[in-house]
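For this one, two forms of the same chain are given in structure tokens, first as structure 1 and then as structure 2.
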Structure 1
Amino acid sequence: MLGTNLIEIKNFHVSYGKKLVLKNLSFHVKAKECLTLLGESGVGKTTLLRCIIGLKRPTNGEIFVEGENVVEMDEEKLLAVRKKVAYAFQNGALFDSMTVFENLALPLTEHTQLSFQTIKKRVKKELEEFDLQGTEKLYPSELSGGMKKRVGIARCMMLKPKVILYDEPTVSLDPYNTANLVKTMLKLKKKGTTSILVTHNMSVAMQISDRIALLSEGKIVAIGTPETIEKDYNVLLKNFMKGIKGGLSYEKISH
């Protein structure tokens, strides 16, 4: 399977009203690969991920998931795609009328015939994986920010999706949980899960990505393996890390 394009994005434009956010984006993600998107806040990373599972429609362009064009699908077909492609929301997006257990169990009760006991075991295992034991009966309002985040990520892994889109998964996590999450992500990757990762955390990006794409002003400035990016686009990365505004764009920093 390795080598085929699981996700392919072609001539992709997105705008909110009159504001064009992403301009003429084209890239692909191979099966079992982890692609990391780096870019400033507000460049449109979340928007891009939302488009891939059809939560937002692009103004123009195509998105293929396993050869099928997401842009042309109706809601019903999209539901099927979303079972394969999980999206870990930037803010967790937990259901606040349900407990942590119910939040995690929901995808399984909806889409599988598993018995309650099996579901209970799966949930327990997943909670342990994220160091969340004993939170089953709590409501999202009773969790800390980092806990919510982890529950959100755990929930999107329940169905064992083929592709996971992580939206800044390590934000608001402490170093221990960050390392833990990286471990889990690497484990899933080893099992063959494809992923797109949006992050501001360079060390996480370096640890798990096969390729890194730098986004600036709605365009991809550079894309390549972590090594090439580190070597060839060192100036850009350094600027980005130093916190220089517009640091990911050559034009802005040339003088």
Structure 2
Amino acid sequence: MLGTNLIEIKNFHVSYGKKLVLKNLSFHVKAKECLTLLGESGVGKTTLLRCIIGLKRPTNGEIFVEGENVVEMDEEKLLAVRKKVAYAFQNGALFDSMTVFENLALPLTEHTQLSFQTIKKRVKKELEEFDLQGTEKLYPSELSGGMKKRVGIARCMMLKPKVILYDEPTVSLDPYNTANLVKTMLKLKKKGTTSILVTHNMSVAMQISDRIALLSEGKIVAIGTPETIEKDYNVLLKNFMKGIKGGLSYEKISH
């Protein structure tokens, strides 16, 4: 059962100079829901994610996280938001000079007073959750692309956020690593983690999403459950798929 709204976007605009990229967006994300944003490159999907955690300010509009307007917050208040809304960057954003253990431990050493032994146990548990046992002493350069992304998501979860923002998590991954990442995301969803997923991969979107929003020319042109999008917006969806480089596939990923 999906709960109340955790994130609300109201009358949201973003401009770069004279170019209006996002135009009057309004939507919400319920607790425990996964909302997917699908749109061609350059439509402003990543910009929207960055605005939610205050890495960028919108030109106009409001962003509410648990009823608080992020747009009005200073850096100190934004730090609290970033503890409960984690951002999973495309490339994992791991620190190359740190081991996997050190990367995962970093949020806890910076933002908590936990002992080293407690942190060690937490990191070990998180690695087990993400099927990454035995990687503690490895550096990012020793990991595959898929493993880097899973380690990045594992690090996002160290502070137990309520929301995770996925920015093109499966881009550049082969089918095997995509399937492993999908398993990770479904596991987090089953635990009740709320999420916004930005992707070009229709197969992933159809498996993970509770709702899908199609963005075109800076606006939401359709929003609904995967079944609704596939059934009621079939022509629009096909045209949308043709507009994305390389196209999209409905082929299911085994998990």
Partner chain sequence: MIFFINYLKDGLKFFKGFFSLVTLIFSELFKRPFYYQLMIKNMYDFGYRSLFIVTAFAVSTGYVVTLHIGLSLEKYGAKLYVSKIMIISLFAEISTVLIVFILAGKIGSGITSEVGSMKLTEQFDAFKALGISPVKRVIIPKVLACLIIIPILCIISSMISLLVSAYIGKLYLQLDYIDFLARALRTPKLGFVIFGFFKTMVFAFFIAITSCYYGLNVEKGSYEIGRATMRAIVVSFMLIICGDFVLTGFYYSFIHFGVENVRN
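A quick note: this is a predicted structure, and the numbers were derived from the prediction, not measured. Numbering runs along the sequence of structure 1, starting at 1. Between two forms, the rigid core is defined as the largest C-alpha subset superposing within 1.5 Å.
The form predicted on its own corresponds to structure 2; structure 1 is the other form. Hinge residue for the rigid-body motion between structures 1 and 2, chosen from 136, 86, 180, 204: 86. Rigid-body analysis of C-alpha superpositions between structures 1 and 2 gives a rotation of the smaller part of 16 degrees. For residue 151, the Cα deviation between structures 1 and 2 after core superposition amounts to 3.8 Å. Superposing the rigid core and comparing between structures 1 and 2 gives a CA shift of 5.2 Å at residue 125.
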